[in-house]
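Heads up, the chain below is alone and in the form predicted on its own; it's given as structure tokens.
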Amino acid sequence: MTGRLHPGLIAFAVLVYIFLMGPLIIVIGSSLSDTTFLTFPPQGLSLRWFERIFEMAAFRRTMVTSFQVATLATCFALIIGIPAAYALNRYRVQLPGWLSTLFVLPILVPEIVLGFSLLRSVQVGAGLPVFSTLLIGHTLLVLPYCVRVISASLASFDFSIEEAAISLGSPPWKTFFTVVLPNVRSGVIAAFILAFITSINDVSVALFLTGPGISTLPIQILAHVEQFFDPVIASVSVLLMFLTVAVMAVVERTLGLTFLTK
């Protein structure tokens, strides 16, 4: 005999879904409006504002820059974060306890402070190019997410399996890539997605580190809002949402993301 759901519980679930999906529906509806200003519900349906995005060179350029920075920053963060998370879990007894806190500092420090510090010390002080400084800033921004997510996967890994493989003659580096890494693949994929989305949507750090000729898509959106009030902004937001979903789908298809449904 199956129990019936309480009407109050059903109503609460519906309200939660409306709260979560409502803003998305408003943004999508505004992007399809035929008017020259943002409005909802849309007055007529048109795709011309999506075409307008690709007609504006600033949006095309910043979109490419955002994906370049997000991809490179995520890769660099994984290159640093995977060995760091492995060391923190494999040698947790030998390493000091404060070392794990070191990788969380970029989250504890406000992003505005982090961006301004990098502007003064790296871009102005060291004289590095704008793109390099922006890449360093985003790598520091997403590194804690990579370390923490991968550490959570390694926390449940039995390192005696690694020791058994080494005792049977497997080199340590080969054991890491053939035994350890495949067992934490789900954590690596989750860290990649979380870091990529965090980087591509960042505003606070990029606001300080962008410069003439180099900007990111969120900064360009902010600059456009200051001058115009047309549905282009809603169209860019919708496009950014779909691109984020596309990245997650590609990662799922190529690397396998079935752990999320288990």
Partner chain sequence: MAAPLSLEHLTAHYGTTKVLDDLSLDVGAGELVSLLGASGCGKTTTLRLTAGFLAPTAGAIRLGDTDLTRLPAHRRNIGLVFQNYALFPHLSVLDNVAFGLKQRGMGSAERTRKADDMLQRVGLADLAERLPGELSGGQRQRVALARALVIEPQLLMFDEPLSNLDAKLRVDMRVEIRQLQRANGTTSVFVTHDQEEAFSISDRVAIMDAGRIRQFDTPEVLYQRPSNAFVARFVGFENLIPLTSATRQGSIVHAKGDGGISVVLDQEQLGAVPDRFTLATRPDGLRVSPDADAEGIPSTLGLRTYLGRAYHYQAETPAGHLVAAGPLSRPLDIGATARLVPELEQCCILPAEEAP
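Residue numbers count along the first chain shown, from 1. Source: prediction; values computed, not measured.
Beyond what is shown, the protein has a form predicted in complex with its partner chain; the following relates to that form.
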| item | value |
| --- | --- |
| Ile136, Val179, Leu119, Ala152 - the one with a heavy atom within 4.5 Å of its partner chain in the model of the complex | Val179 |
| Among the candidates Ala165, Val130, Val188, Ala84, the residue which, in the model of the complex, approaches its partner chain to within 4.5 Å (heavy atoms) | Ala165 |
| Stretch from 154 to 162, 67 to 75, 105 to 113, 141 to 149 whose residues place a heavy atom within 4.5 Å of its partner chain in the model of the complex | 154 to 162 |
| 4.5 Å heavy atom contact, Lys174 and its partner chain in the model of the complex | yes |
| 4.5 Å heavy atom contact, Ser170 and its partner chain in the model of the complex | yes |
| Interface membership of Gln123, its partner chain in the model of the complex, 4.5 Å heavy atom rule | no |
| Partner contacts in the model of the complex for 108 to 125 (non-hydrogen atom within 4.5 angstroms of its partner chain) | none |
